[in-house]
Each structure stands twice: as C-alpha cells, then as structure tokens.
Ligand SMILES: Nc1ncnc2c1ncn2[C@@H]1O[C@H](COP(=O)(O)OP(=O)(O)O)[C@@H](O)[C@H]1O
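In structure tokens, the next block holds one chain alone, the form predicted on its own.
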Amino acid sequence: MALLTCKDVTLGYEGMVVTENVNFSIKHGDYLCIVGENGSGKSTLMKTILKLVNPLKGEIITGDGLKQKEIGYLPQQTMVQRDFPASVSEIVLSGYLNRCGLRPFYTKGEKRLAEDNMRKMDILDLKDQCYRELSGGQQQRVLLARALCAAKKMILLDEPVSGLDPKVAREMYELIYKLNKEDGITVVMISHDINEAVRYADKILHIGSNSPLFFGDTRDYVKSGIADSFIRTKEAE
C-alpha cells in the first residue's frame, strides 16, 4: 500500500499555475528524488505534501497508517536560521514540538531518541554547542537529526546539500542513503544534482516547466534520455 499518493495535482500559489497533472505514489522504504528546472514547482510540491500550501486541483492522499505529524521536514535554510542562538540539543529536540501538543516538556523517551539521532548524525559531542557556531555541514546534520525526531516513516528534504562543499555534500548524501537502507526511512528529496540523484535514489520524479516529464524507477529514467538533456541544459547555463 502506498504511503503517499499524488493524484492529478496542479501546483501553484496565489492562483498562478506552476505545474499541472502531477501523479506519483511512494511506498514504504522508497527513496524518491525530485529534480527539474528552477521554478518548475519542486519546493511547491513539497510544501503541498506538508499541507503548507493547498493544491489548486487534485489531491494528495496518505496511506499505510502515515499521519501528517509523522513526516519529518528539512527545508532550505535562510541566513537568519543559520544564526539561531540555541544549543544543538535544543534544536534537535524541537523536532518533537508538533507531537507535544500542550505538554510543556519532553519525555525521557524523546530525549533518548534525540540522542540516538544525534549519534547517527555523528554530532552527539556537539550537543551543548551553540548552533550558530557550527559549520554549514554540521548545521545540516543537526537539522537532519531534528527532522528524524519528527519522522516515524518519512522525511522530506529540500536540497539538503545546498551550499556545502563537494566532500561534505557527499557525506550528507551517504548519511541519507544509510537512513533509507538501514533504518527503513522513506526519503523524498529535492536535488539539483542529477548525477547524485541517480546514484542514490531508486525512483525519480522529473518536473518540467508545465508538467512532469518522468516518474518511475531510476534505471528507466537513465535510459529515457531525459536526464541527459537536462544535464546538457545545466552545463550550457
């Protein structure tokens, strides 16, 4: 059974259509990478999945017991967020806020799981440090640990390696791949890097300027030639 189904969705904002006829489904354990040109609606799609934006048409359906509060989210960082004056552990624990409701404290289990997630991200030794004093790569690990605290089955990542140097970006990709394959977390990630997308993801959604160009297995995507034309376009820019 699908965790998430996008059915005949038209994406947009303030009444302006960005992309139409978006159809795809995600099962437990999938690793879906969303690629496409700038302005094609990748981030809008992610916000629509999270119910931060309403679809102009169509519907997004959750299944297999997935609840909205069980989806972790790592958005693109702003400069203000990078300078946030809180400790690493405080930021990671804040991933539980949607589940806490009116409860004004974190449980022992939540604190233990937060430490486990920091350990997975290899940042447990940084838990008492101020977030704004960390490197870009360390900050992204903190935010990924936070997203894991919110997630039980699925994480959504909006260009998680943006602004990182190639070595740190590759380490981040490897961490995400490990979460998917070893921990069974379903991953939906936006990426501008086609080469890394086809290296790690098992499914690709390629969104064009008006409609999706491809959805399916990564092997079929590579054979389709769509990736080649996109890479040529990026190289020409």
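Keep in mind it's a predicted model, so treat the numbers as computed, not measured. So that there is no doubt, residue numbering starts at 1 and follows the sequence shown.
Below: the form predicted in complex with this ligand, not depicted.
Only one of 195-203, 54-62, 40-48, 169-177 places residue heavy atoms within 4.5 angstroms of this ligand in the predicted complex, namely 40-48.
Checking Val9, Leu213, Ala227, Val18 against this ligand in the predicted complex, a heavy atom within 4.5 Å turns up for just one residue: Val18. Heavy atoms of Thr107 never reach within 4.5 Å of this ligand in the predicted complex, leaving it off the interface.
Of the heavy atoms in Ser135, none are within 4.5 Å of this ligand in the predicted complex.
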